[in-house]
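A lone chain, given as structure tokens: the form predicted on its own.
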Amino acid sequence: MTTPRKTQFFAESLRLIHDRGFKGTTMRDIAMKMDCDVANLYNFVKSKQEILDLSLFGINEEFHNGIDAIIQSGYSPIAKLKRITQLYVRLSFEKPYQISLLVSGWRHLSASRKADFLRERAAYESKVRQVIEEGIAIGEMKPIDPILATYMVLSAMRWLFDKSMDNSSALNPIEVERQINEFVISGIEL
């Protein structure tokens, strides 16, 4: 069960991890931010590593659930690609600190969890590539290398994270989605 205090704990923890880095953030820092004793934090998690693990795999699951629903839809491959972009934009604006973990925080996972994460990331990339391959196969997308196209699409979306973190208040998520889709789709659509 998630309580408001636990929600605050994760929000403050992720903000500090983003600002100071994973290694630069201590449980004591989080306790100071939460105005409580360090011992109280262990009511929420067992360790700082667990904060990373729960947050990272939570946002990862949201992406997988979202893309799975998109892939299973009746949309055309181009429309699916637009929906994937929409999913990324929405989550980047709604959960920027969790997205930052996907970009760089995963490197601090334990060895076994890092291997799990890398498998999950490869599976996600494969799902995007599947949409692109389908679009190429039916003649909706240009006949380009699907692996290269996948990485170009995902790179464009990763850029969004950096930009939205720098200037999130000045960006309109709907406009960002429109512009990214115009850029991505115009490069791949036949």
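What you are looking at is a predicted structure, and each value in this text was computed from that prediction instead of being measured. Heads up: residue numbers just count along the shown sequence, starting at 1.
The following text describes the form predicted in complex with a further copy of the same chain, which does not appear among the structures shown.
**Site test, 42, 45 and 119 vs a further copy of the same chain in the predicted complex, non-hydrogen atom cutoff 4.5 Å** = None of them does, since no heavy atom lies within 4.5 Å of the partner.
**Prompt:** Heavy atoms within 4.5 Å of a further copy of the same chain in the predicted complex: which stretch among 65 to 73, 51 to 59, 30 to 38, 145 to 153?
**Reply:** Within 4.5 Å of the partner lies stretch 145 to 153.
**Request:** Answer with yes or no whether residue 113 is in contact with a further copy of the same chain in the predicted complex, where contact means some heavy atom within 4.5 Å.
**Result:** Judged by the heavy-atom cut-off of 4.5 Å, residue 113 is well away from a further copy of the same chain in the predicted complex.
**Request:** May I ask you to state whether residue 108 is within 4.5 Å of a further copy of the same chain in the predicted complex, using heavy atom distances?
**Result:** Within the cut-off, so yes.
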